[in-house]
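As a starting point, one isolated chain is supplied in structure tokens, in the form predicted on its own.
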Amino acid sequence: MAKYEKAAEALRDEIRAGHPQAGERLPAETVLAERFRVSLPTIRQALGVLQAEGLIERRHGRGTYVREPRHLVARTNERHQWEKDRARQSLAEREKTGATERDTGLQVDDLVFSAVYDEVPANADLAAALGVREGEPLVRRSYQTRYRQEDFPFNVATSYLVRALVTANPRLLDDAEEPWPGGTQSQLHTVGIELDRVEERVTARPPSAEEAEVLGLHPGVSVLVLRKSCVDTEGRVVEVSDVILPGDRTEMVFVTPLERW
């Protein structure tokens, strides 16, 4: 193991043990270099590793600090049945909590939510995913939700609906109606659409510059790319969502019930 890796490992273990704690300043680089008996370039390389892992942050002119951990999101596949069960519940019941609150353990008042709707023609990718012709009008819905005490959203989500499927309820074309109690499945329920299944595909990649800025990602942190397809009881794909999730604060949980012998 290289010298910088040994120093990084020792500092990592200390941070995870709570010494120093989140928000505390690390000793000066010269002090750390003397402690580990390495050169300044070596200790800077070790700190660079920890910064890439999201454990520390460098504040210009102030030093290096243990990073305050951002709120973890545990996204489980059980959320979809939970959302479907709520679609036929009363408005009062649906208003109590949403999927983000379920995934984070936060309350409605803890969150800052934004939604922007517009209309776009289906490109080749979306036309194939939704089973429509290229150019078919789609309702594009862009969502961001963040913890009120943090500056960056939990993810960046873009949802696409076939406009012709939802025009029966004009409220589904208006972003002023957001946040909709009960989420997308409740919205679809208003136009007689029941989901049969939800298919999700997850890949990972480095973020684009825009994604890194919007999500507040440190160098070296990857994003998870989730493509969600909602299929109704008639076999139609009625919604496609692309969700960009930060790899440093997202946990994907898959629970698969197994039939008994």
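Note that residue numbering begins at 1 and tracks the sequence as displayed. Note that the structure is a prediction, hence the values are computed from the model and not measured.
One more form of this protein exists, namely the form predicted in complex with a further copy of the same chain; it is left out here, but the text below deals with it.
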Query raised in the report: For this chain shown on its own, do His71, Glu199 and Leu224 all sit within 4.5 Å of a further copy of the same chain in the predicted bound form, going by heavy atoms?
Result: yes
Report summary line: Exactly one of Ala115, Leu130, Ala87, Ala157 comes within 4.5 Å of a further copy of the same chain in the predicted bound form through a heavy atom, and that residue is Ala87
Report task. Could you spot which one of Ile56, Ile193, Val214, Ala33 gets a heavy atom to within 4.5 Å of a further copy of the same chain in the predicted bound form? Result -> Ile193
Report task. Examine Ala22 and determine whether its closest non-hydrogen atom to a further copy of the same chain in the predicted bound form is within 4.5 angstroms. Result -> no
**Report entry** Proximity of Gln185 to a further copy of the same chain in the predicted bound form, heavy atoms at 4.5 Å
**Finding:** yes
Query raised in the report: Heavy atoms within 4.5 Å of a further copy of the same chain in the predicted bound form: does Thr250 have any?
Result: yes
Query raised in the report: According to a 4.5 angstroms non-hydrogen atom cut-off, is Ala28 in contact with a further copy of the same chain in the predicted bound form?
Result: no
Requested in this report: Within 4.5 Å of a further copy of the same chain in the predicted bound form, counting heavy atoms only, one of 104-112, 79-87, 149-157, 118-126 shows up; tell me which.
Outcome: 79-87
Report task. Quick one: name the residues from 6-22 with any non-hydrogen atom within 4.5 angstroms of a further copy of the same chain in the predicted bound form. Result -> Arg12, Arg16
Query raised in the report: By 3 Å or more, the Cα spacing of Arg16 and Glu251 differs in the predicted bound form; is it closer or farther than in this view?
Result: farther
**Report entry** Closer or farther: C-alpha pair His71/Glu251 in the predicted bound form, relative to this form, given a change of 3 Å or more
**Finding:** closer
